[in-house]
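Okay, here we've got a single chain as structure tokens, the form predicted on its own, with questions on binding and movement later.
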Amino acid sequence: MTIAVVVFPGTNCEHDIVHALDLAGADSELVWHTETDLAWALGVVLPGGFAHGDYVRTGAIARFSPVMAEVERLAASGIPILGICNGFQILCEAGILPGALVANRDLKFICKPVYLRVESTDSILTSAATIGQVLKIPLNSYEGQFVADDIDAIEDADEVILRYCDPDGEIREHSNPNGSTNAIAGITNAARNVAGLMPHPERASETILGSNDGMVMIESFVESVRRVRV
């Protein structure tokens, strides 16, 4: 089972996700953003970082990288696609996921652990979790506030899979670190094979990192890739 981990100029979390995928028993291969053939990939990860220096706005340039035509094609064919932080921003810029990520409410870079509540298990990112489960995951971003013109449609379609919350699972204003609409931290597409989130599950893959809560999401993604293989 081989997962393509796409690297753009400025990506800096590719080795973190490769390590987490390895812990979950998956093989992965780093792919430069100029690649135009991912027919061999059974899953794709767009990792975190600052693609093209986040010039113009996050993901705006990366969205036009040659590899994105393949990512779009694979997404349309049902291959599992995961975007983490900058990868989430790129997927939204490309229109593969709805909405956009804009500057945090307080116009400050956020670098701290946050708590996420699992809202749905019907996604490649949360299938191994349980609804209501609370996960402690690091957040590292400046443009992480999720907004969308069609927020009601996203909610009604049950495409919200993660929300920022308190350690006890309650959704409160102070537990929403970046001001995301409806405290949304992660979403899926209508077909349920594409998911994106702002926090970094790969940075919560071992207890030595302060939390291994992210592995339930990494393992969910790997299992979705295994099902494609079968």
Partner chain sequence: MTTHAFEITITRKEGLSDPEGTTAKKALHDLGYGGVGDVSFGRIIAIEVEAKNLATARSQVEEMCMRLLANPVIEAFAIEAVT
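Numbering follows the first chain given and starts at 1. What you are looking at is a predicted structure, and each value in this text was computed from that prediction instead of being measured.
The protein also exists as the form predicted in complex with its partner chain; that form is not presented, and the subsequent description refers to it.
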Completion exercise
Assert contact residue (its partner chain, in the predicted complex, non-hydrogen atom within 4.5 Å, options 110, 102, 114, 96) equals 102
Practice task
Taking 4.5 Å between heavy atoms as the contact cutoff, choose which of 69, 171, 190, 60 touches its partner chain in the predicted complex.
Solution key: 60
Fill in the blank from the handout: Testing 161-169, 27-35, 182-190, 60-68 against its partner chain in the predicted complex with a 4.5 Å heavy atom criterion leaves exactly one stretch, namely 60-68
Practice task
Examine residue 145 and determine whether its closest non-hydrogen atom to its partner chain in the predicted complex is within 4.5 angstroms.
Solution key: yes
Exercise for the section: Evaluate residue 149 for contact with its partner chain in the predicted complex, applying a 4.5 angstroms cut-off between non-hydrogen atoms, and reply yes or no. Expected result: yes
